[in-house]
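Only one chain is given next, in structure tokens, and it is the form predicted on its own.
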């Protein structure tokens, strides 16, 4: 278990992390999600032991790992690290990359050190590289290089696997493939994975728990479904999946939009914190589109994007642009059409597949 107590990190006058409190369970897949500059990579570096916090403490399995005055360095922690840039050594073969941590990691099991070849072969088979053991990085594709980096990290079977945007350099197809590989390896190794990303799709698809960060602070912690369907702040609602933020007033479980006071919308599962701010976040799939003569707010279709199973519309309503997703079998509209927009009756929101 990893515990962070009021962890702050400053770089001169700039504060990258503000009094972060976080608890990560053993064998859990945790995604640290947020935009560039939110502090997620700084948090990962602190967990790796690359630097000390400016204040606060970090505990691993009940042992103080880092504070302002103390630091257990990376080589003395039972961790593995997968970098965004792969960080492979050009003069070493695939086998050499995997054998290196088995030979030198202080937490490697003694029986594995006695038979490095057998352990390396097992790990390479786990990531599907057993036939490429004698290749050099220059002879590998991007996906194969990422598998080598992953194999190197898991070879000594670390308790904690830290991953810093490991798929960002890959194309879409390879990212999807590697998502499945990382999930499979997580199931087989049972390592605690801390996965830093700015890609909401990766976080929703892979993680057991998502930590959403913004401006050096934690905005929300929860399961992918909780974060998507029950956002606690306006930032989470807009960052994790597209969301239309509507201002207005809540009264007896009904929402009256500020721009349309004659409207009354049902509670579609909005958290109390957003109700107190007078906000109603409406996901694109929670809108209902109908012809201009139907009941609802009148709008004009500005754009139409066919997405296979859905059609995505941009609709201008009273000088605001709302994003609306409709199923492929629903009535189609064209650019310039006048439409009626209404909120669907309250029902369980499905987390989309990215």
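Quick caveat: nothing in here was measured; it's all calculated off a predicted structure. Numbering follows the first chain given and starts at 1.
Same protein, other form: the form predicted in complex with adenosine-5'-triphosphate, not shown, and the subject of what follows.
In the predicted bound form, at least one heavy atom of residue 16 sits within 4.5 Å of adenosine-5'-triphosphate. The closest non-hydrogen atom of residue 293 lies beyond 4.5 Å of adenosine-5'-triphosphate in the predicted bound form. In the predicted bound form, residue 319 stays away from adenosine-5'-triphosphate, with no heavy atom inside 4.5 Å.
In the predicted bound form, none of the heavy atoms of residue 159 sits within 4.5 Å of a heavy atom of adenosine-5'-triphosphate. A single residue from the set 315, 66, 31, 38 has any heavy atom within 4.5 angstroms of adenosine-5'-triphosphate in the predicted bound form; that residue is 38. Contact with adenosine-5'-triphosphate in the predicted bound form, judged as any non-hydrogen atom within 4.5 angstroms, is confined among 301 to 309, 55 to 63, 38 to 46, 285 to 293 to 38 to 46. Contact residues in stretch 150 to 172 (any heavy atom within 4.5 Å of adenosine-5'-triphosphate, taken in the predicted bound form) are limited to 165.
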